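Presented below, as structure tokens, is a lone chain in the form predicted on its own.
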């Protein structure tokens, strides 16, 4: 079987194929109406969702399949203390494929290690959201006609915004993409994303100014400042309204600018922008999710596992004396998880689950806290 944990699990050629299949589904719905007859999708949403959960259910029903699951963790046995691993082991015996959203980063990787059926990551904390990325790419392809030679602006919560993390990674498969990261300093793009761009040679700038950035953009990807990601609500209150896109800010924008948003929005896009039908693509983007998720379900149910680019790209090792410092990582709450780390070319060790830096060979303080040299340094 094959899983979709991060966007790296699909090659560029596979992404392009998924986009073409999605477009074919849009044009030939009846052709696909019984392709999953007799199959069951389990939707395990440990975190609230409307669009993602309903579009997955709509996708499976449109393919002739059936759906079971829950939309609230309180209605599952995890509220009684059951581990994620045990939940997945049981549910994978009841279904043919699982779509899972979880608030802890790296949870889908744990699920994939225990499941007998394909796992689809429907969002893990502030880490990744690969199916959203695929429908974003479908939307850009439909709106612009191509996926290269674009200036892409991303605005809002870039620190915890899992959608932008996955989208940046995916767009590096295409030529001549330039990024403009627009955020307050407290919510800037994570270092591991910027390091990836540096290594691949992609140009990006960071700025706090939305209005001055708009004239250069082909794509503007707005994001919500997410209250649920803040441990200090006073910081959220200070930042929540820092960017509000309204009609007046678009006066110098390109006529064919495409405005995207993963939704739900609060007030970061004013309702007066909805009337700009050419530029306002976010509701078309949401509808595209149904068709892309149909294509993803078909692909995972009909293909055997291939070694992903992420698996090929770096050494993965298990070191018990290392511990991920990220409190949002699944390793901080799930019982019995081995600490897996990826050894990067620059000498850094990153948690395999959440990609948080665990150790840098130049960081002696981290060395003393996390490494017991006599037990594991030679293994690294």
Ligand code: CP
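These numbers were taken from a predicted model, which means no experiment stands behind them. Positions refer to the first chain, counted from 1.
Heads up, the form predicted in complex with phosphoric acid mono(formamide)ester isn't pictured, but that's what we're talking about next.
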Segment that reaches phosphoric acid mono(formamide)ester in the predicted bound form - one of 46 to 54, 348 to 356, 63 to 71, 33 to 41, heavy atoms within 4.5 Å
46 to 54
If the cut-off is 4.5 angstroms on heavy atoms, which of these, 289, 118, 262, 156, is the one near phosphoric acid mono(formamide)ester in the predicted bound form?
262
Ok, 132, 183, 223, 139: which has a heavy atom sitting within 4.5 Å of phosphoric acid mono(formamide)ester in the predicted bound form?
132
Using heavy atoms and a 4.5 Å limit, would one call residue 101 a contact residue for phosphoric acid mono(formamide)ester in the predicted bound form?
yes
